[in-house]
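Only one chain is included here, represented as structure tokens and corresponding to the form predicted alone.
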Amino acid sequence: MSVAAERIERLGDLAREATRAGDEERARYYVRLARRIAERNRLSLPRRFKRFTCDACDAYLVPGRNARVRLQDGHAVVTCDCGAHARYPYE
């Protein structure tokens, strides 16, 4: 695992902790920084990181706190507080 990939993992953990502690601006900063590192190093973000971040406002999503999750016909719909939707398939 490269240094950049380790850094992205660590920033994801920090964003999760910051959101749970109530500091959403710090979590957004961590998410933006992780995305920037991934772009510069041509890495893809881990699936867990992609699924729990909002593409519109860079918030780290915690279901029940700042995100709503609904299941519909073979996919999950995750709605952020900003109103953005993301759909993920499941079986």
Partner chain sequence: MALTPETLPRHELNGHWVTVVDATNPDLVGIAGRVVVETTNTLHVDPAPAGSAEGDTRVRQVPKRGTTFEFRLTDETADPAKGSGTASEPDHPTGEDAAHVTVDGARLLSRPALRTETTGDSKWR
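Positions refer to the first chain, counted from 1. Small disclaimer: the values here were computed from a predicted structure and weren't measured.
Here the subject shifts to the form predicted in complex with its partner chain, a form of this protein not shown in this document.
Within 4.5 Å of its partner chain in the model of the complex, a heavy atom is found for not a single one of Leu45, Ala67 and Asp81. In the model of the complex, no heavy atom of Arg28 sits within 4.5 Å of its partner chain. Proximity of Lys50 to its partner chain in the model of the complex: non-hydrogen atoms within 4.5 Å are absent; the residue sits far from the partner. In the model of the complex, its partner chain lies farther than 4.5 Å from every heavy atom of His75. Of all the residues from 31-66, those having a non-hydrogen atom no more than 4.5 Å from its partner chain in the model of the complex are Leu33, Arg36, Ile37, Arg40, Asn41.
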